[in-house]
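Taking the form predicted on its own, here's one chain by itself in structure tokens.
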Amino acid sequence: MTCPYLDYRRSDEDHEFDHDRPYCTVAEEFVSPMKADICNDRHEFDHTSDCETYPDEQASEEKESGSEAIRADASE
């Protein structure tokens, strides 16, 4: 699952690029391609636990809902 706060933009108030670049809407800044790997959960990263700017309360909610889904699958 991709981070819901990841966006791709060609510009902000100060910069304009010739192609889309990853933009974190929480930090309100462009991020490096390596950081975007975390946002996109590539290379076994998890944006809820590996990103330092991802909101802690939302990470807890996602992990809890994921645990409930796993328990529901196990009981079926």
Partner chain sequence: MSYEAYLNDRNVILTVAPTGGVHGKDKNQNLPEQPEEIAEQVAACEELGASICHLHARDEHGENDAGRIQEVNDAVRERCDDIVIQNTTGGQSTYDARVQGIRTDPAPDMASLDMGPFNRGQHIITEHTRNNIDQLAAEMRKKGIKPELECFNNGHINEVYRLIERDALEEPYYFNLVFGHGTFTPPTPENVLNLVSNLPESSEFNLLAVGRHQLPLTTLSMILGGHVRVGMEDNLYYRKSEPVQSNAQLVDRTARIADLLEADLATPAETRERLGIE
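Computed from a predicted model, the values in this text were never measured in an experiment. Residue numbers count along the first chain shown, from 1.
Form predicted in complex with its partner chain: not shown, discussed below.
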* Distance check, D50 to its partner chain in the predicted bound form, heavy atom within 4.5 Å -> yes
* Asked: Does the 4.5 Å heavy atom contact test between V26 and its partner chain in the predicted bound form come out positive?
  -> no
* Asked: Along 25 to 50, which positions have a non-hydrogen atom within 4.5 Å of its partner chain in the predicted bound form?
  -> F30, V31, S32, P33, M34, A36, D37, I38, N40, R42, H43, F45, S49, D50
